[in-house]
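A single chain comes next, written as structure tokens; it is the form predicted alone.
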């Protein structure tokens, strides 16, 4: 009889592709944001408010945050699966990581769309 190890893997190509797509989006957004930031006359609070007053900036900024959180989830989840062997500890770390990232996503919404 073969003893199977619980690893929770088999994500493969989907997660590999998600890592690359989110990384490309975050890199492009960072470049565009840096150019827009360099075009500001001053870097004060009013300039930042004006920069994020556009619904497009808010929307693409939120997509950036979601990409960042998903990218982090895939990476950290793989670290937990590779290096944490006890299934109970690994599950607890997965849940903590997931709850933190969901909380950070809610915080990003609050920051981007608060009045």
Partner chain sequence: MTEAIVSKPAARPRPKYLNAVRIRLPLPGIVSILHRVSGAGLFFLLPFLLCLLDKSLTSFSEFVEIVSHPLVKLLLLGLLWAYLHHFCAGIRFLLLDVHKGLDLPCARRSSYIVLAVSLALTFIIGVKLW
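Computed from a predicted structure; not experimentally measured. Numbering follows the first chain given and starts at 1.
The form predicted in complex with the partner chain is left out here; the points below concern that form.
Peer 1: Taking the partner chain as it sits in the predicted bound form, is residue 89 near enough to touch it, meaning that at least one heavy atom pair lies within 4.5 angstroms?
Peer 2: No.
Peer 1: Consider residue 84 of the chain shown here, and say whether it contacts the partner chain in the predicted bound form, taking contact as heavy atoms within 4.5 Å.
Peer 2: Heavy-atom contact with the partner chain at 4.5 Å: absent for residue 84.
Peer 1: May I ask you to state whether residue 30 is within 4.5 Å of the partner chain in the predicted bound form, using heavy atom distances?
Peer 2: Result yes; residue 30 sits at the interface with the partner chain in the predicted bound form.
Peer 1: Using the partner position in the predicted bound form, report whether residue 14 sits within 4.5 Å of the partner chain, counting heavy atoms only.
Peer 2: Residue 14: no, not in contact with the partner chain in the predicted bound form.
Peer 1: Could you pull out the residues of 53 to 82 that have any heavy atom within 4.5 Å of the partner chain in the predicted bound form?
Peer 2: If the 4.5 Å heavy-atom criterion is applied to the partner chain in the predicted bound form, 53 to 82 yields 64, 68, 69, 71, 72, 76, 78, 79, 80, 82.
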